[in-house]
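Shown here is one chain on its own, the form predicted alone, set out as structure tokens.
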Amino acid sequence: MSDQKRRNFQIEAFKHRVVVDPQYADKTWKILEHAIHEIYNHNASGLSFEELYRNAYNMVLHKFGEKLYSGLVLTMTTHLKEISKSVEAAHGGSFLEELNRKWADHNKALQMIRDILMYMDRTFVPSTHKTPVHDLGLNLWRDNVIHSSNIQTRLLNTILELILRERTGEVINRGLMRNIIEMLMDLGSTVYQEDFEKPFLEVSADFYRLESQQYIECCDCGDYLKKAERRLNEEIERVTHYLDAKSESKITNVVEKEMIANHMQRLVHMENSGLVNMLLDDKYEDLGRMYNLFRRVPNGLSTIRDVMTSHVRDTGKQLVTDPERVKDPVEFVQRLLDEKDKYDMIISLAFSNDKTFQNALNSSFEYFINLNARSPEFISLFVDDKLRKGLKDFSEEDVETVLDKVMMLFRYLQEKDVFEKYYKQHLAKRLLSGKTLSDEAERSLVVKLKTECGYQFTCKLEGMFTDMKTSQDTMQGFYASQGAEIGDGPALVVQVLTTGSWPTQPSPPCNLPNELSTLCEMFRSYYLGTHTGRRLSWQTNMGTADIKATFGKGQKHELNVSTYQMCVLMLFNNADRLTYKEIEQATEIPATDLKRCLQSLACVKGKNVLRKEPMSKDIGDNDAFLFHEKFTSKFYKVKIGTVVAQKESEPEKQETRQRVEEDRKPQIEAAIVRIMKSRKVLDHNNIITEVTKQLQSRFLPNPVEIKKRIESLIERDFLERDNADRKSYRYLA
């Protein structure tokens, strides 16, 4: 449409002035006032809402909005005062019902009145900043009914009494309670909080304070926690049914404070039923309940954690320092594992796998395992026992589980290098005697150690496995080339060990029987002929032998013995009786080893293939030995072990410790040089800290030893003291 054709419309004022009847406002208000009375009196069905709306509309239009609004306030107030009297007159249980009924009536009436006065609500009320009709109705109800002097206190007391009755086990009308509480909430958060919530929380605190005092005097810890949990759940349920959702945290805080926080110390330390008893008796359900309740209050979990940590440390300390319990290393370690399994289970089932509890447990185990200086040795002996025979009927998964548990204990050790020393010795014996249960299990543990501590830790262990494999190939080559010369003589199996990889100690070779010494020379010639630049030295103290023996009445047995034992027994092919001195001279076995060897051959019941004169457990220089013709055994194969303590003797222990200390020196020096090379200048205390940090994965270096190593490096011109500050050191490139 073009601009020319557009037409502008304009609304013009009336040509003549509209004259309003002076009585118009009063007449109209009378009609509306009558309608409001009828609505409150439940006679609204005969009213024409359209006509009433038009009347209210016209009053506002003709500037009588103020009269309409003030009239509404006056009329509603009158009716609400009547309602208030009606509610006050209600007796007993009908009080809340009457209040609820009148509240429902008021809401219906308010809805109808708001519909009639909608135009006033939308135009006059906003422009004059008055309260909207609905809110006005609520405020008037609050002021004239709820805050009536005869209703306010009575209402609060009635509600609190019903809640108390419900707490003591009675059934109340929850629907009615919900309606009354919703009424208070509808009247505004302040009304709900001041008229109900605040007194409710105060009364609840008094109730639970008294009840908790009664319970704690007559219940054990488990029962008390059940009651506290039940009360907490009841309050949460109460909120769900008829209280404001925002009240949940407030009322639960009251229960938590009065029933848990105020009695925490007494509960955990309760005699015969507290936390320690729950831990000892594996009461997972009670422990879980305590954890869930205590986590709700400040310092609750730290209270449980501290008591648990203290108990675990005390128990562990007794376990590792009790002389009776450390007699059997395998049992000692098994107890540690059982203890760890027990608390892992508790943390998993009762403490929701809480990391802080797991960390506290790890810290406790690390503390008490390292109280016993022999823990590294005992853990290695445990592994040795399991990998020799202890895991025979286990599946692969079960073997892995046991190895993982061993690694868990290994992580707690501060002196991991001491474990390495013992583990290497025990592994060597297993490999050389062929007594290992499974190569796979052995290698699996080495891989775990490598993952934990790095290649440096396990490179020599891996070298031991390599030597075993290479030795097999060497023996095949030896018999392939020398088989014809050897003929039907004794069978020789040689393991060629790389010096440095194996925990061998210099040991003078003993005099081997002629049949074997010839074979050994043949092997030496073959090996040195196929390898250049090598040197062989026989470690006869580490070997084993299978020999066939014939006893009285032609009874035959195959004896599994050490090389030393074989050398002794072979002497009896040419003599019936030999003295200790004669045996020592013929074999040249070191005295300590010879005495052990003879003890195992003559003094162990069921394995005594020799007889000793005089009969005693100890071997003397003047003792004599005879071949035991009457020896019998129900087994054809008889294993005669060397009498040796499962644990190291005191001198052996000191020797091992000395070797460990010597091995540590270059590691400490290497760490100092690495640190100084990157830092150039560093003071003494920081060097101690840095070195400890670098080496703690293997061992905890002694600050005195670090100082000695620094002095040694200064003497060798790796470091120098700072001229300005004598406590600082400089790196010399």
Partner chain sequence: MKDRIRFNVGGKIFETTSTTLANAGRDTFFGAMFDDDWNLYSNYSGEYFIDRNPNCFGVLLDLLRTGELCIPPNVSEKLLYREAQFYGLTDHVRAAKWGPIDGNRLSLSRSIAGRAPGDGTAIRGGPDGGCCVAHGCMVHVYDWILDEHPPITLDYQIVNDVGWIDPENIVVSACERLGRGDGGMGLFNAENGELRHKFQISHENQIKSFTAGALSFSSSDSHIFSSCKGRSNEYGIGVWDSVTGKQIDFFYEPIGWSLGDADKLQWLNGSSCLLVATLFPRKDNCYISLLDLRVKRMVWSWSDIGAPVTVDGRRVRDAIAMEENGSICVVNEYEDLGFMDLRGSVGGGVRWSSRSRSRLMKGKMPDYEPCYPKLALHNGQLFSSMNDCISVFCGPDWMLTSRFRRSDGGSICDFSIGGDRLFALHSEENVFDVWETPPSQITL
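Numbering follows the first chain given and starts at 1. Just so we're on the same page, rigid core means the largest C-alpha set that superposes within 1.5 Å between forms. Remember, it's a predicted structure, so these values are computed and weren't measured experimentally.
Beyond the structure shown, there is the form predicted in complex with the partner chain, which is absent from this document and is the topic of what follows.
- Only one of Asp26, Glu66, Asp683, Glu50 lies close to the partner chain in the model of the complex, with a heavy atom inside 4.5 Å, and it is Glu50.
- Of the residues Ser517, Ser127, Ser616, Gln213, just one reaches the partner chain in the model of the complex with a heavy atom at 4.5 Å or closer; this is Ser127.
- If you check the partner chain in the model of the complex, you find a heavy atom from every one of Arg114, Tyr119 and Arg122 within 4.5 Å.
- For Arg54, a non-hydrogen atom is located within 4.5 Å of the partner chain in the model of the complex, even though that partner is not displayed.
- Heavy atoms within 4.5 Å of the partner chain in the model of the complex are found in exactly one of 127-135, 194-202, 273-281, 287-295, that being 127-135.
- For the stretch 584-607, the set of residues having any non-hydrogen atom within 4.5 angstroms of the partner chain in the model of the complex is empty.
- The two forms, fitted on the rigid core, differ between this form and the one not shown by 2 Å or more at the CA of Arg54.
- Residue displacement note: Glu66 has its CA displaced by at least 2 Å between this form and the one not shown (rigid core superposed).
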